[in-house]
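Included below are structure tokens for two forms of one protein chain, each presented in isolation as structure 1 and structure 2.
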Structure 1
Amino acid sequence: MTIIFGVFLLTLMVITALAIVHTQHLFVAVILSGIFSLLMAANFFLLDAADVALTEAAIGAGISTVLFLGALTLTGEAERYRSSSVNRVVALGVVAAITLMVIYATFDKPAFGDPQTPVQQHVAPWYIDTTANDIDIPNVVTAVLASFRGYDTLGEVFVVLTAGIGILFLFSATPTRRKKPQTEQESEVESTAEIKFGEGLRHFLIPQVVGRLLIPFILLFGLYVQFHGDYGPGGGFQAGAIIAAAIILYALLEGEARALRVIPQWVLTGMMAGGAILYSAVGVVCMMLDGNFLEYSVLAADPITGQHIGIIVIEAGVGITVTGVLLSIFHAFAGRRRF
């Protein structure tokens, strides 16, 4: 039954992808992209990759869709299609060749879920055995990312921080001089769009009722994912994306100005850097206690307790940075107008 449902989801993904390529209406393409990400998240759940599925659902289907919609306010509704028959033939040939290569490569793959595959015989057994003895948490994925590969995860946090800073720099370079609209009708449409965007959806009853009902539960679920990541799917990356999605939903309902009053931009900037600093500070504290950088065992008299403390604190740092970066990017999009 799981295989049948998986094939059904993959079929829907192919249909959705073809529809995205075929449509010339950008709004439709954005919505279909969100649907594609949601289908991908469902496939990840079927593959028992719940951590990745949570991230895909929150960022791919949620935040990315909102950012794409924000980008659409800076451009037209329809794609300006310019292509020749030669370009179509070349594009079709490239897609067909890559598709055949991928299909051919799948014949050499091991069976799904086979425990004797090479990847399961290398370091995976060591991670499973060592996690039970030295860290004692059920979620081996969290143990690998937060403890065994703590250096790599710290680097990922700084990559997220750097990406956020880069995007904010790009938007800060926006010219301040506005171009004069070509017609009065264009000016009226632009002003109306800006007013509605600034006010949010507060004049629409159904989104207001449903959104206000969902926001507390989304925030609660985000905190659950943050602090229960040791024992179930979740962690700082997933929790940060979920909490950011809840705040973005509030901004869409009540307007960007009200969202910034709840969490001002200077707080978001502090969160961006503060989470990465908190993560690094844990490593420094470990060194001050005569341990190695990010060696959590020295944080308490019991090494396992020290591992738990270190993982909880650095996961909090990850969640803080991810939340600050995603919200800062959203406000950068939302605060930008046509120029």
Structure 2
Amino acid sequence: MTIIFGVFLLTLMVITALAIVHTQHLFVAVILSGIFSLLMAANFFLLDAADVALTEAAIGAGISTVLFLGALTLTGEAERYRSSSVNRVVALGVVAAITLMVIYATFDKPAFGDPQTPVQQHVAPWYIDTTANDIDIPNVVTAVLASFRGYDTLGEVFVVLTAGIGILFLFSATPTRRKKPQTEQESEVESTAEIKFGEGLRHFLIPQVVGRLLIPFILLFGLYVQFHGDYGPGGGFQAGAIIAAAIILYALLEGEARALRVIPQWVLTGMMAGGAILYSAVGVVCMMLDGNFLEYSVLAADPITGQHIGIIVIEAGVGITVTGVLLSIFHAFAGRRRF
């Protein structure tokens, strides 16, 4: 049964990807990539990666679509040029050659799902065994993410933070208008999304009523995902995306300005930095208690309790940073008027 599902989903993904590349209308391409992400999430779920599926669904289909649409309202929706035929032939040739090479290489790959492959041999069984004894939380993914590989995750959080800072810097500049290009037809395709993006839906009764009903529950669900990362799929990254999505929904319904009044930009900036600082602070506290950096076991008398405390706090840090960064990015795009 799984085989049928898998083949079906994978084939649909290839078709969607082809359609994305083929269409000249960028709006269509963005919506299709939302569908692509959902298919990908379903496929991740089939491959036993529940956490990843949750993340992909929240980020890929939700936030990334909104961000791309936000960018489209600022840049226009149509691709102006088809690639020239020479270009296309060369590109196709390169792509076909590499595809054949990669496919040829796949025959040497270890068998799919074989527990004896090198990937499954080294650290993974150790992680699974040790989680049960030393950390004692059910979700091994969270244990690896937050405890065994806490350094990695700290680095990722800082990458996310850096990207957020980068966006804020990029958009802090006011554009210097250079001479316009010769082909002055940029406003020929007015974007349909543009009408509503900045000021929110003010005339659509049903989405507004239902959105109002749902937003508190989406927020609560985000917090639920945040705090149940130890027990099931979830954690700071997913929760940050879901909470950000709830606020973005509010911004789309009621207008970006009102969303900024609910959580002002200075709070968001504080959250971006504060989450990362909270994470690092846990590491420093561990060092002050004569442990190594991010060695949570020293945080309490009982090492297992210490691990629990450490994981909950750093997951909170991750969630705060991710929420802050995603919302800052959204506001940066939505608040940018067309120059």
Partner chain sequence: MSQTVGVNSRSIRLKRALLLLTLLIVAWLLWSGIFYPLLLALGAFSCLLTVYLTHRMGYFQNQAFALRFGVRLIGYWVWLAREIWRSSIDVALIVMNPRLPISPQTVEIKATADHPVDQAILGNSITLTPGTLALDVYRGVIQVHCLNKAGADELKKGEMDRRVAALRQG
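For clarity, a rigid core is taken as the largest C-alpha set superposing within 1.5 Å between two forms. Every value quoted in this text rests on a predicted model; they were computed, and no experiment measured them. By convention here, residues take numbers in order along the sequence of structure 1, the first being 1.
Trainee: Assuming the other structure does not fit, state which one is the form predicted on its own.
Mentor: The form predicted on its own is the one given as structure 1; the other form is structure 2.
Trainee: By how many angstrom is the CA atom of L213 displaced between the two structures after fitting on the core?
Mentor: Its C-alpha moves by 3.1 Å once the cores are overlaid.
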